[in-house]
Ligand code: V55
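What follows is one chain in structure tokens, specifically the form predicted alone.
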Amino acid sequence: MVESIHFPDIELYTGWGEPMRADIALRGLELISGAIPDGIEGALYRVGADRQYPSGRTDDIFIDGEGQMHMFRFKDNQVDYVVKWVETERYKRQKAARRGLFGRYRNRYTIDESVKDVHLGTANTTAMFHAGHLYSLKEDDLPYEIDPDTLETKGRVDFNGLISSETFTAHPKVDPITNELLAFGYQAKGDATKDFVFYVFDADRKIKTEIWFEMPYAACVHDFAITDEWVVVPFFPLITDLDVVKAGGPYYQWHPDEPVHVALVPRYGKAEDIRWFKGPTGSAGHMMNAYRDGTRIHLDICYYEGNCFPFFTTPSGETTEGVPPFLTRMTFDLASNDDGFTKQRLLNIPCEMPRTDDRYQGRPYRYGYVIARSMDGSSGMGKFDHQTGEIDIWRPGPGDSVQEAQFVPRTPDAPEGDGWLLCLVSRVSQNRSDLAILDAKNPSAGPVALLKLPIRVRATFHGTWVPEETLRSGQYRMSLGEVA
């Protein structure tokens, strides 16, 4: 007999967080106000986590759960919305068993005996489009390829044997100017290993760079940043202890006495060319951008003066009080004999999920886009101007919140920041969502178009925009516009 399905009565699964557990297809979203701008043709892909079945535990965390690929398809002045489960190996095994089989987050020692041979990957964090292929990613496994039209899962892939790492980042950088893919794997030879690998793939998915090196500790490396000559890899002291994991404990623990280490890795070089820097304890989940300024490398990051994931405790089991993230610039001087770095706060409003005009990733830039937090728990979409230090915010309303924005250039060669922000809005009081299209130059003016979803888009973490021409050709045809 199959056991009944019952989710635990915990805050994670109540209200907006209640699991949706569904594939959905809505053909033609209702236009509430405004008009869809001419020229927006393509697909917005976003990935998030949902719970297929209860895990049988009460210590679940919001970044866990099976992956779902969301698609907003812009075509012929309408927008279709489709969401489908990413059919990973663990998803299919649970579907067949009609129950949860996997235990604590990333802990293979707490799973059901029947799935001891199954990869733990959930593919629940971001979408990547490169060389004509769409993927769903999470950093605990290899990519899963997805059909860009139907969202059917094609399967787990290693790029025809080119990815030798056991893991692949959930924050790849696809350069829409060169069509290169820059990516990495951490704990790349298994749980708690200190192995790290950095890859550059060309426009045809051939390897241009593969650099292996050892991390200072078995860290969580959620994101990194790129420049024209270097990539910036921060190591924060969220550390995996294999003995703790084997005993059924958390996959990461926060070590407040450990310093931050940062590796500057040559984009096209070798491991012996890596430059190392070190500084006081802190953490971050997400990078806005980085760029080279002479001998200095600037990294703009949503920085926490403490633990960015407070649900991971210290080794003694102490919880760390949540600290807010602030947009911060870390600077590393390649000409200095000092292995330290400087920090400068750029914005005094707590913010997260930073994005840019993707054409300017790794290049000098002016504009960034963030989720700006409010005291009442709501959030808004902000445009930050690095030149003036000003932020322009659109707030959807009391109690409502926004998810990460995606910038879409007005034309493939438009000036930086000339385009649109696509932004999911959580209408918490109405238990449903909207898709807002904002003028990226002036988000506080409100949506130029607002599209209604009659359902709740529970959570999406990250995503990507793929223009119609790129969907057809497999290559981005973008260029850097004039300076705005």
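Keep in mind it's a predicted model, so treat the numbers as computed, not measured. When you see a residue number, it is the position in the sequence shown, counting from 1.
The same protein has a further form, the form predicted in complex with the ligand, not shown here; the description that follows concerns it.
A.B. asks: Heavy atoms within 4.5 Å of the ligand in the model of the complex: which stretch among 216 to 224, 258 to 266, 392 to 400, 334 to 342?
C.D. replies: One stretch meets the cut-off, namely 216 to 224.
A.B. asks: So in the model of the complex, is the ligand close enough to H286 to count as touching (4.5 Å, heavy atoms)?
C.D. replies: Yes - in the model of the complex, heavy atoms of H286 and the ligand come within 4.5 Å of each other.
A.B. asks: I'd like to know if I63 sits close to the ligand in the model of the complex, meaning any non-hydrogen atom pair within 4.5 angstroms.
C.D. replies: Although the ligand is absent here, I63 would touch it in the model of the complex, with heavy atoms inside 4.5 Å.
A.B. asks: State yes or no: in the model of the complex, is some non-hydrogen atom of E139 no more than 4.5 angstroms from a non-hydrogen atom of the ligand?
C.D. replies: Looking in the model of the complex, residue contacts with the ligand include E139, since a heavy atom lies within 4.5 Å.
A.B. asks: Examine F309 and determine whether its closest non-hydrogen atom to the ligand in the model of the complex is within 4.5 angstroms.
C.D. replies: Contact with the ligand, yes.
A.B. asks: Have a look at N124, S379, T169, Q94 for me and say which one sits with a heavy atom within 4.5 Å of the ligand in the model of the complex.
C.D. replies: Residue within 4.5 Å of the partner: N124.
A.B. asks: Considering non-hydrogen atoms and a 4.5 Å limit, which listed residue (Y105, F277, Y81, F201) is close to the ligand in the model of the complex?
C.D. replies: Spelling it out, the residue with a heavy atom inside the cut-off is Y105.
A.B. asks: Considering only 445 to 462, what residues come within 4.5 Å of the ligand in the model of the complex, judged by heavy atoms?
C.D. replies: Contacts from 445 to 462: just F461.
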